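Heads up, the chain below is alone and in the form predicted alone; it's given as structure tokens.
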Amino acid sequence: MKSSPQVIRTQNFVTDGAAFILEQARRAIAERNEFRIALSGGNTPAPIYKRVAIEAQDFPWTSVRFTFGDERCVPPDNPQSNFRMARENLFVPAGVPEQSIMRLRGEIDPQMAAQEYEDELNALAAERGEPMYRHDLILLGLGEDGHTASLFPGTTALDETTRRVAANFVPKLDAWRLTFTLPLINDARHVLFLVGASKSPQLIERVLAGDQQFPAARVKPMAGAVTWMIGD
């Protein structure tokens, strides 16, 4: 039986978010000599990434593997790029080595980019004898329509059962997105939703109650934990 999500409401959103990530990182490295984290994009996590960079100047980044839960189909220097946001706020300030970062290539054909990323994750999993690449921590956000990663209501990737990474067309944006699918997300050891203070309390309540019309409510790791950190 899956445990209920842990909900942390905090007035120190940035500080507590960074501390949570670093605690998970240290624990994973101590236990498995590696920390696998999937980053989320958008505005909410940017100051948290900046704080992580400040707090972890001497961190063993060679023991960390960064992936991305989703990406916009744009070049890496585009202002909309999740990679660019992470690079500017975390990778460059913290001195993260290039080999620790796995970038979703938003500038190439979406189907090819998704397949390429899935193949890379599968190869890493095979090296460890794992059936699926298992993240120690996946960071997720919450959209006003209840989407998370780039799993939007009514889109095809939401019902994907075999692919781990998908190219997902989002009609309301008239755009393609690259995204982790629920099978990959729900294999994580821990999922952390980072939700700013401006998000609708009613929406959060309905997602936490498990309302399936909201993609975020379908994040339920099979053998992992879910934490919601909500700014007050």
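The first residue of the sequence shown is number 1, and the count goes up from there. Small disclaimer: the values here were computed from a predicted structure and weren't measured.
What comes next is about the form predicted together with 6-phosphogluconic acid, which is not displayed.
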Any of the heavy atoms of P183 lying within 4.5 Å of 6-phosphogluconic acid in the predicted complex?
no
I'd like to know if I138 sits close to 6-phosphogluconic acid in the predicted complex, meaning any non-hydrogen atom pair within 4.5 angstroms.
no
Can any non-hydrogen atom of R103 be found within 4.5 angstroms of 6-phosphogluconic acid in the predicted complex?
no
With a cut-off of 4.5 Å between heavy atoms, is L142 one of the residues that contacts 6-phosphogluconic acid in the predicted complex?
yes
Decide if the three candidate residues T67, E118 and R164 all line 6-phosphogluconic acid in the predicted complex, where lining means a heavy atom within 4.5 Å.
no
Work out which of the listed stretches, 39 to 47, 202 to 210, 23 to 31, 55 to 63, brings a heavy atom within 4.5 angstroms of 6-phosphogluconic acid in the predicted complex.
39 to 47
Can you name the residues of 64 to 92 that have a non-hydrogen atom within 4.5 angstroms of 6-phosphogluconic acid in the predicted complex?
D70, R72, N82
